[in-house]
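Only one chain comes next, encoded as structure tokens, the form predicted on its own.
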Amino acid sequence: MLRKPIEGEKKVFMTGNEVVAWAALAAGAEIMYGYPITPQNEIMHYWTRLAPRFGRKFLQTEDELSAGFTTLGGVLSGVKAFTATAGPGNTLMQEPMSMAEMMRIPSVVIIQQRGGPSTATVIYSQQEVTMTCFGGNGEGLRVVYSTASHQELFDYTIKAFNTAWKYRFPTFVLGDGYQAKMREPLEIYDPELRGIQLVDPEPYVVRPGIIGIDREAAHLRNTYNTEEELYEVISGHIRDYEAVAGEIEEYETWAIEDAEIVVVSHGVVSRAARMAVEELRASGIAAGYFRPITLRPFPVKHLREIADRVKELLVVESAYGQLQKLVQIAIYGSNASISGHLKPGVGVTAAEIVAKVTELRHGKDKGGIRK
């Protein structure tokens, strides 16, 4: 039996990458497969320091394509395996994650977003939303948690393992370069002390017993010979995904009851958005705040209910409309207008959001046309 890495609860001051390594240990991860890329490198560094103390393992592969496929191999053999990457590595990781989507392999991937396209910067962005939610040649049957703090990096990394193994869809924790590198206080804990029952893994291959006598054959496939055969399998996966989407969806709101304009954001940008809404409220402007925690499945019903009773949504993100597209799809047909404060690859401050909302209100008061 693996030794518990965390006894009780502890207050700590860590970088986000260190937090992820501790959370994976607490979740019972047995092995990490990885390839270095900034800004997620330190997840590997911390894991390789900590893992031997608790009987866990690490394998460095030749690239992210291999890291993804070896992660799936570990899962198929019945161990809790995970990987982490960023930017171009996330691009390569989409092929194995498409296979995980097709074969319902419960894989966990941590993404620390960096600037793109291509190599771009190693610093920060929110430009990996579309790729993480819908990458690969599949239907986007995956779970994507977008974290806003180090506490959430810890909480949702643990949760990602349970989600992946419970629902059998690839599960991503979407952080970014700021979260990866900065330090902030949080509480790390033994999940069982908070009533979190960790889902035990089980092997897909080399299972005990004789096929046809003790158990059925597994029939693990990601290749199909006819259109009809593939359609039947994919349709089943889609039905399963849609049946549990409501259980998985998570979101956060503040001051939306009487709001006329709601700021929509995710990840670390939502910290600036929340500060901006508090400042706008203090100045008498009826602003509200909505943050999707799951970007996939997106909390469509909840945002739609808000959009049906407010006049305007302002989408704020460090990308050129990747969250905005999800919002537009979610509220299609609503009377609420959508504006954007879109800054690909650059951080957003509360002061900018306050200025943008003020500009929009002045435009409305003057009867001007809003962009």
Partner chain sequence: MNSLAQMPRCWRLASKPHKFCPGCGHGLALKALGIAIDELNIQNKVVFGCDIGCSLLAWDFFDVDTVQTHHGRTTPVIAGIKRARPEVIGIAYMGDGGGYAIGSQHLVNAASRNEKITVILINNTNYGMTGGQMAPTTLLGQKTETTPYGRTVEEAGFPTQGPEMVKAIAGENAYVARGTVANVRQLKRFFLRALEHQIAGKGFSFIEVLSSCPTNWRTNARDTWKFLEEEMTKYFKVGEIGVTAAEKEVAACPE
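Numbering follows the first chain given and starts at 1. Fair warning: this is a prediction, and the values are worked out from it, not measured in the lab.
Although it is not shown, the form predicted together with its partner chain is what the next lines describe.
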Though its partner chain is not shown, can you say which of T119, S235, Q197, T223 has a heavy atom within 4.5 Å of it in the model of the complex? T223
Select from the listed residues V244, M275, V79, I285 the one whose heavy atoms reach within 4.5 Å of its partner chain in the model of the complex. V79
I have R183, V300 and E305 flagged as a candidate spot, so tell me whether each of them has a non-hydrogen atom within 4.5 Å of its partner chain in the model of the complex. no
Which of 263-271, 93-101, 147-155, 184-192 sits within 4.5 Å of its partner chain in the model of the complex, heavy atom basis: 93-101
Within 4.5 Å, heavy atoms only: does G73 come near its partner chain in the model of the complex? yes
Examine I31 and determine whether its closest non-hydrogen atom to its partner chain in the model of the complex is within 4.5 angstroms. yes
Does its partner chain get within 4.5 angstroms of any non-hydrogen atom of R207 in the model of the complex? yes
Since only the chain is shown here, I'm wondering whether I256 would be in contact with its partner chain in the model of the complex (any heavy atom pair within 4.5 Å). no
Counting only non-hydrogen atoms and a 4.5 Å cut-off, give the residues of 237-275 close to its partner chain in the model of the complex. none
